[in-house]
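What follows is a single chain, given as structure tokens, in the form predicted alone.
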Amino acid sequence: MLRTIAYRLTGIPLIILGLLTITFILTRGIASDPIYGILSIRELMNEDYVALVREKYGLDEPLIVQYFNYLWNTVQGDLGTSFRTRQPILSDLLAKTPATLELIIFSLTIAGVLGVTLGCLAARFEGSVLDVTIRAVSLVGSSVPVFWLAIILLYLGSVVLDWFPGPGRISQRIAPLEDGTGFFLIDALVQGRWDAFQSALRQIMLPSIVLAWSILGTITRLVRASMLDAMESDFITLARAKGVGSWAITLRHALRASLLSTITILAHVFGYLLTGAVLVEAIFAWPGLGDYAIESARALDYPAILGVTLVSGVTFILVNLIADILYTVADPRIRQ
């Protein structure tokens, strides 16, 4: 296991380098001058001031020089300064990342629990009406665009039925939480703020349901297929010959045998949630990385876009590394 982790760690710098290189090329390929997103119309009329700002942000240098300067600064932990917020990008990202991670983890928990449960039921009652219904619902969930579902559920849940609050991360009528982890649900519990916890929980439910619904079908179908494949194995046949009950076979043997596929799909959908959260955060006014990325793209804030890409890429890489470690826990044979 240690060799596997070490091998994966040695490849991470190359992956990050490729990610930053591609993003740098794409952002610089836009046929717009970022100076228009930095300065006002009046400031743009002053050529001397424009030249000074270009020099300040290194925009007067050749692209190849800008590229290597960015790589060198990144290695030193300096992601630059945002054109839009005028704040260090690392500070912006540290403030925005907890909101996105909280939303993704909450969504993944909902989708994981429901997906595994529905997948087990569909496999246990293969060919039944329940199985057909679960597969149909899974297909619909995978086919509906996440932005359309977000708009519909926001309208129905907040306007028509009034079951959920509107956009935002916490009610404005709640006193602000003290500085903590940035995860509102955790901070509210630690600080004993039950009112803030209830508000944060109600606010996160609707966007989490949207994201969970978008991946629920994928998890359900894979768990069902993996369990049906496991049920045809010799050890399942032996268990049945020994008189082991159907539910015991399903939960203790078939489900455990399908854990590797389940871990794989959960790691995969985590990356999907990172991208899907961009649209959901924009619709629900969720102050996370997605909202920050959209506003940075509108302002042609190149350093901020590169910073968001770096954080998202590193997060996805770490999640897959954790998945590799969990493989060895789920199947000890991999350690050999």
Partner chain sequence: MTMLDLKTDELDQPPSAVAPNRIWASLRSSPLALTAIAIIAVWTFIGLTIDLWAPYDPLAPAGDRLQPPNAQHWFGTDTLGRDIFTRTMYGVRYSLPLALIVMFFTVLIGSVIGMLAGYYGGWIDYILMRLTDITAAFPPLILAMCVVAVLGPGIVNSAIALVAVWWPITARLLRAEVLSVKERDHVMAARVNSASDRRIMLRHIQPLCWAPVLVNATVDIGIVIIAIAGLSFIGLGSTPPTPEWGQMIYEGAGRYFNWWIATGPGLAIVTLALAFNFLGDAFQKALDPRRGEG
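Positions refer to the first chain, counted from 1. From a predicted model like this one, the values you see are computed outputs, not experimental measurements. In this text, rigid core is short for the largest set of C-alphas that superpose within 1.5 Å between two forms.
The same protein also has a form predicted together with its partner chain, omitted here; what follows describes it.
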Using heavy atoms and a 4.5 Å limit, would one call L59 a contact residue for its partner chain in the predicted complex? no
Residue-level question: is K96 within 4.5 Å of its partner chain in the predicted complex, judged on heavy atoms? no
Taking heavy atoms only, is A297 within 4.5 angstroms of its partner chain in the predicted complex? yes
Contact of I322 with its partner chain in the predicted complex (heavy atom, 4.5 Å): no
In the predicted complex, does each residue in the set I35, F83 and S208 place a non-hydrogen atom within 4.5 angstroms of its partner chain? no
Stretch in contact in the predicted complex with its partner chain, which is absent here, among 225 to 233, 183 to 191, 99 to 107, 83 to 91 (heavy atoms within 4.5 Å): 225 to 233
If you check T133, N73, T237, S158 against its partner chain in the predicted complex, which one has a heavy atom within 4.5 Å? S158
Consider the chain as shown here, without its partner, and state which of L114, V244, I152, L251 has a heavy atom within 4.5 Å of its partner chain in the predicted complex. I152
Within 4.5 Å of its partner chain in the predicted complex, counting any non-hydrogen atom, which residues from 266 to 295 show up? G271, L274, T275, V278, L279, I283, A293, I294
Large Cα shift (2 Å or above) at Y272 between the shown form and the other one, core-fitted: no
Shift of S312 between the shown form and the other one at or above 2 Å (CA, core fit): no
My question is whether L20 is one of the residues whose C-alpha shifts by 2 Å or more between the shown form and the other one, given a fit on the rigid core. yes
